[in-house]
Every structure is written in C-alpha cells, then in structure tokens.
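Listed next as structure tokens is one chain, alone, in the form predicted alone.
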C-alpha cells in the first residue's frame, strides 16, 4: 500500500470568500457567489454571469514590484497556498525542502494575461508587449512561484486536464508521497478564465447558462463559470503525527481513467469505473461513504449520466448517500474546481457539515439522488468521494477518510 498521506493545511480564495472560514460559512448557509460579470466588453457577451472574486485587489496581498510577474490565476494560487502553509505550521528546513514539491492543476493558465495582450496587439495596434508576458501566461507559472515563495525544491509541475486538472494534480501528489518521492506536496488548483476571450470561447460550446447553475434540477440549462483557487498541504502521515500536526483528513484513494469515446459527452461506464477504482484503492466499501461531492455541472447530459454512474457503483446504498454539487454556489472553476470542492469533503469529515446543492426547484426523475437540496445538513460521515469528469473523457476521483 505504501505510505499514508494526510492533509495538514488548506487555503482558498473563490467566489464564496477570501479564505477557508468564509467559504465554509457560505457553504453552510447556502450563499450563491454567482452574479453579473464585471469584465471588459461584457455587453458583447451572450453569457454575462459568473462566479467572480468581486472586489479583488492584488495590492492588498502583493508588493507592486511583484505584480508584473503574476497573472490573476497565480495570485489566487499564492494566496491560497499562504493560508494552507500557515495552517500546516511546517518548518521547511534544508533537508525537508528537497523532499517537498508542488503539483497544481489549471486549465487556462495565464489566460487573463493572454487576453490582455491580444487586446494590446490586435485591438490597440501596439507593437510591443511586456517582457514578462511569457512567464505570466505559462501554465506552470503558479506552481513555480509557489515553489520559490515557500522554498520547496522537490518535484514541481502543473497538470492541465480541463475540468479534472485539480483532481489529477492532487492524485499525483498523493501517489508521489505514498510512493516515497516526496514527504510534503503543495497541491490543488487555480483558475481565472473570466475574461472576454475566455467566456466568448465557452459560449461557442452552448453549454453555459444565462441565468444560474441548477445541478440535478429538472430546470437546469447549463453550467456557470467561476474563478479562484484552493491549495492543500499533503503530507506523509508519520511525519505529520511526529510533529503534532492537526490532521484534517486522510487521502485514502485515487483513481483516474479515460473514456476514449467522445471529446465532450460524458460516459457512464468510465465514470463508474473511476469511482470504483478510487474505492478499491482506498479499500473502502460503498456503505462507508456518507457524502459524495459530485461533478454536477448543471448541464442536462452530465447530471443524468453522473446519477446513473453513481447508482451503478453504489447500488442500493445510493439511496443512503448524500450527493451535492457546490458548483451551484461557486460556479465551475474548470481546472480549479476539484480543489475548491475538496474543501466541502473535508468539512463533511471534520465538522459534519454537508454542503447543499442550491437553486434546486424541481426534481428530475433521471437525477433521483439525495442532492441535499438548498439547505446544508449536519450529519456525521467518515468517508467521502469527490468526482471530476472532464471534457476529453478524463475522469479523476479522490477518496478521503476521517482520521
């Protein structure tokens, strides 16, 4: 089985709040972080809502001389990582630095920088761009800056697998520590695609809602994009216990696979296979899982297929399983979404707080699960799953266990 892996720190900034405490309070009270977009040329968009981090001022967090190096997605990652490292209380010695790494997920990388500089060159006719454009827009930029800020000299890289990026990144961090390749990994995901170019591209897919995210509801009509980051400290269990760390949860299992079928349509059999794989890896029975954070995008196809996959895996136990989509509150953070959703899984294990699926109005017979409609619950659970099913048929499922 290899070494045990636990979570000793968590941090976030997302549409529900600037940190973990505000985010979990928002989830517990069913707050909706989705609203009108405040971006350039929003009047030229058909979709003008999103889960935006409103009023974000990077100068509150970073010295002005550093800002030319940081795209918005990097800023979010640095803020979330600082909170996670602060909670973990790790002292990064020279020895530990070489055993500590960073694995982050993102789908768009420095898309804000790309969008701004396309405007400068093509719209405004400028012939030069800032010398740091390439370092800002690299998908690996956030991971590199986290390694530099925290002095982590072990493996450092970025995973980009669309909507499954965060779960793939965290799964790789889990494998790296379990296999002895690292003792500590900063992992999670970050995304900031709420720009004119980003939204306009997604509009072409015709999967976006104009009026809100309603996962599993019969009236659902599409997904809503969000932005933000969540970062966690994954740590080898014996090291964490020896230093007296507050262990938030154990990463018990992970599985990933590919549909090898369609570039956009989800696949029930592959989704079910990924969930089974995570349970098998965790040596966890379906009757042990009390809460499942669903991919739950709010599209007609995803929610129906995911429901069928959950019923295929859990059988009769699916009737006793609480399933919710927190995307209804914070939107779909694409490459960062699995990381923010893991916060809800940890809260379920630590505090018994089961985050709701808000905006749920009309039951859909094809989505006949307990989706924790509209109101959070208090319920003791000892194991959770978190699903991520991405375009391209890329599936990644994480299993957590209470310690």
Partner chain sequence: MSVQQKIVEILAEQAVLEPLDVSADATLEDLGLDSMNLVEIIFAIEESFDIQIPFNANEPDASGFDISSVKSIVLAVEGLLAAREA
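Since we're looking at a predicted model, the values are computed, not measured. Numbering follows the first chain given and starts at 1.
Below: the form predicted in complex with the partner chain, not depicted.
From the list 305-313, 202-210, 240-248, 324-332, the contact stretch for the partner chain in the predicted bound form under a 4.5 Å heavy atom rule is 202-210. None of the heavy atoms of residue 260 is located within 4.5 Å of the partner chain in the predicted bound form. Using a 4.5 Å cutoff between non-hydrogen atoms, residue 299 counts as a contact of the partner chain in the predicted bound form. Residue contact check for residue 221: one or more of its heavy atoms lie within 4.5 Å of the partner chain in the predicted bound form. For residue 148, no non-hydrogen atom is located within 4.5 Å of the partner chain in the predicted bound form, even though that partner is not displayed.
Only one of 129, 134, 97, 264 lies close to the partner chain in the predicted bound form, with a heavy atom inside 4.5 Å, and it is 264.
For the stretch 181-197, the set of residues having any non-hydrogen atom within 4.5 angstroms of the partner chain in the predicted bound form is empty.
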